[in-house]
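The data below hold one chain only, encoded as structure tokens and taken in the form predicted on its own.
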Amino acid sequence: MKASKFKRFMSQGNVGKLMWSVLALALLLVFNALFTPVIFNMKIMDGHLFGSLIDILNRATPVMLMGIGMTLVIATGGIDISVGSVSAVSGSFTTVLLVVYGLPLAYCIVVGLAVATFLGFWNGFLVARVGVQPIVATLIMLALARGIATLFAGGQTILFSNRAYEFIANGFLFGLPFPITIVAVVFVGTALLTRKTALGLFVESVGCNPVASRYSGINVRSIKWAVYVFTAFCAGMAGLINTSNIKVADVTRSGEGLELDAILAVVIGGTSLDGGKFSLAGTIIGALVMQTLTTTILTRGMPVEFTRVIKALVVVLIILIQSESFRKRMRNLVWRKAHEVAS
């Protein structure tokens, strides 16, 4: 009876997939507790909390931000592989306007985010209005945005020293790194907007069946357009964090590969690439799984070259475990082997 109740609980929505993600994160933490306990060391200095766990949260923030937007895009049945380049655009525009033109920081940030958001507006136009396949439209933007960032910066790597700008990535609020506060605000705002209003249902409906959604009165084009705009805005904020963290606008490398990390965080968190039901909390956990794995690998002294390989293998394993069909096949295989041994 208890087993059947647990099975029903695990089969509700994305609960089962989310639980597997939580389990993966828990196993990584247990492994560190046994073999690398130093990762749990925490201390307070000048009213600020420091430690490896805080570093994991802090370093995962760009992927979390991109992942929040990417979750909604994937939920509509789309994909956005341009977010890494779009993040470079916001960093490039903000830094150039600040350093080269000497404009006020607030104005520079607004312009940087506005340009990044406009690139998302263009992605949404191509996908929702023109009918271009999402992967094609965002592949174009991946190259275009990187080119725009490079052109605006004159092909140069621009260094800066501005305490207010550096505060975005290196400042503290309520004893925690400021990027964590940014993610918390974006996450809570997005969760309230998608779970306390009909918007979330519209997004899931578009992802499940866009034709039926259109006939039921949902403006499918507007929903798709909006999620690409929002994703670009999130990528722009991630770009500000990346740039202010290293105190340099490196337009050729900034945000490189983060689009893949964001997509993997969404998938690990239980949101299906086929669209439909989504989990913002799952995406946050997925980003933490990936960053915890990276930190574990580096803490154990393994060469950094192995990071992507091991990360890919673990991600594949988690996705397989999340798959109900895969688990069913494994159960059938184990049952057959056990039956053969018994006979």
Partner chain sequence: MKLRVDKKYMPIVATIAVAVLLYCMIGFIYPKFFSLRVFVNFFRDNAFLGVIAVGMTLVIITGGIDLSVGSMIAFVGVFCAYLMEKTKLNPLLVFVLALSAGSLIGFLMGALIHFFKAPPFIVTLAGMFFCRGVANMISLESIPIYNPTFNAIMRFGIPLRHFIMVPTTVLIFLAVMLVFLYIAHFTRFGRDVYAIGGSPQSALLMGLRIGRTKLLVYTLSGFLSALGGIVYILNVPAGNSLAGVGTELDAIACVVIGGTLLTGGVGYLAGTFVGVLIQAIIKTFLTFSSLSSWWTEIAIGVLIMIFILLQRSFSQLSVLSRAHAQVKLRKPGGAETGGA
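Residue numbers count along the first chain shown, from 1. Every value quoted in this text rests on a predicted model; they were computed, and no experiment measured them.
This protein has a second form, the form predicted together with the partner chain, left out of what is shown; the following refers to that one.
Looking at the partner chain in the predicted bound form, residues Pro37, Phe40 and Ala106 place no heavy atom within 4.5 Å of it. The partner chain in the predicted bound form is not approached by Ser161, whose heavy atoms all lie more than 4.5 angstroms from it.
Under a 4.5 angstroms non-hydrogen atom cutoff, the partner chain in the predicted bound form has Gly257 among its neighbouring residues. Contact check for Ile263: a non-hydrogen atom falls within 4.5 Å of the partner chain in the predicted bound form. Under a 4.5 angstroms non-hydrogen atom cutoff, the partner chain in the predicted bound form has Glu305 among its neighbouring residues. For the options Ala184, Ile140, Val111, Leu173, the residue carrying a heavy atom within 4.5 angstroms of the partner chain in the predicted bound form is Ile140. Here is the short version: of Ala33, Ile44, Ala312, Ala26, the single residue with a heavy atom within 4.5 Å of the partner chain in the predicted bound form is Ala312. Picking from 88 to 96, 175 to 183, 225 to 233, 125 to 133 the stretch near the partner chain in the predicted bound form, with a 4.5 Å limit on heavy atoms, gives 125 to 133. Looking at 271 to 302, the one residue that comes within 4.5 Å of the partner chain in the predicted bound form, counting any heavy atom, is Leu273.
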